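As a starting point, one isolated chain is supplied in structure tokens, in the form predicted on its own.
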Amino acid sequence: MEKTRTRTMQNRVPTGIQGLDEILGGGLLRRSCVIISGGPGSGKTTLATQFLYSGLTDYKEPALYLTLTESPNEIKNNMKAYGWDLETAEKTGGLKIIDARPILLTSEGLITPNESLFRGEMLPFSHIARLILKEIRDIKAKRVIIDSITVLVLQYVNKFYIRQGLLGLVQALSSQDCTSLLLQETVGERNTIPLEWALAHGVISLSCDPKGGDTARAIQIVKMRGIKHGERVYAMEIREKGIVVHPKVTVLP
């Protein structure tokens, strides 16, 4: 029994987020691709970066952050508020941030396509997969963040292309010895189940509800293949040093 438990824990990746590993029964599965879903301000980027930074500092695990939304400088500056020094991690080689934004701003203030990635066509999933696999192998990344897959999905109308592209990306990431978080912006009706949720190994949903002068935050493990996890909606806070989850405090969905 003890040997089985040891093997199980060896296959887990601690998130470094207080309270979350308790709900997950020890952490995420290695080689899994997990969607972090939520609306603006729900804490998606903070949660993902906390996971990445914990890997860098606590476990010496190289990390890769591919951004399709904010600039690398914006990400690094924003995370300084929590005391996370991504700039030093990048300089020492433990972290690589890839600027894969389809649209960039020139020094003259003009909007222009990212010529290194975008040549008059939509940015395909296959291009991103090739790019990120090369970088994972180069730095031997153990933790990977893609922020966000919504940028990729919204470029397509045909759901078949979206499904095939996402499936290929998940398979490519799962083939490597890393654990990946794919950020997703909540879009559309509240009760609509996004296509992406069916393809990922896990889904963690974040929410924030302004109430008076405070913001009520919550987290739910919607699904997590291969893991027996808490199924309730749990209270969550964003504090000075990052996210804290309260496994003993549940809230109404």
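Residue numbers here begin at 1 and follow the sequence given. All values derive from a computational prediction rather than experimental measurement.
The following text describes the form predicted together with a small molecule, which does not appear among the structures shown.
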Answer option from 32, 50, 220, 42, heavy atom within 4.5 Å of the small molecule in the model of the complex:
42
Can you tell me which of 81-89, 156-164, 174-182, 126-134 lies within 4.5 Å of the small molecule in the model of the complex, counting heavy atoms only?
81-89
Test of understanding: in the model of the complex, would residue 244 fall inside 4.5 Å of the small molecule by heavy atoms?
no
Taking heavy atoms and a 4.5 Å cut-off, does residue 46 contact the small molecule in the model of the complex?
yes
Taking the small molecule as it sits in the model of the complex, is residue 238 in contact with it (heavy atom to heavy atom, 4.5 Å or less)?
yes
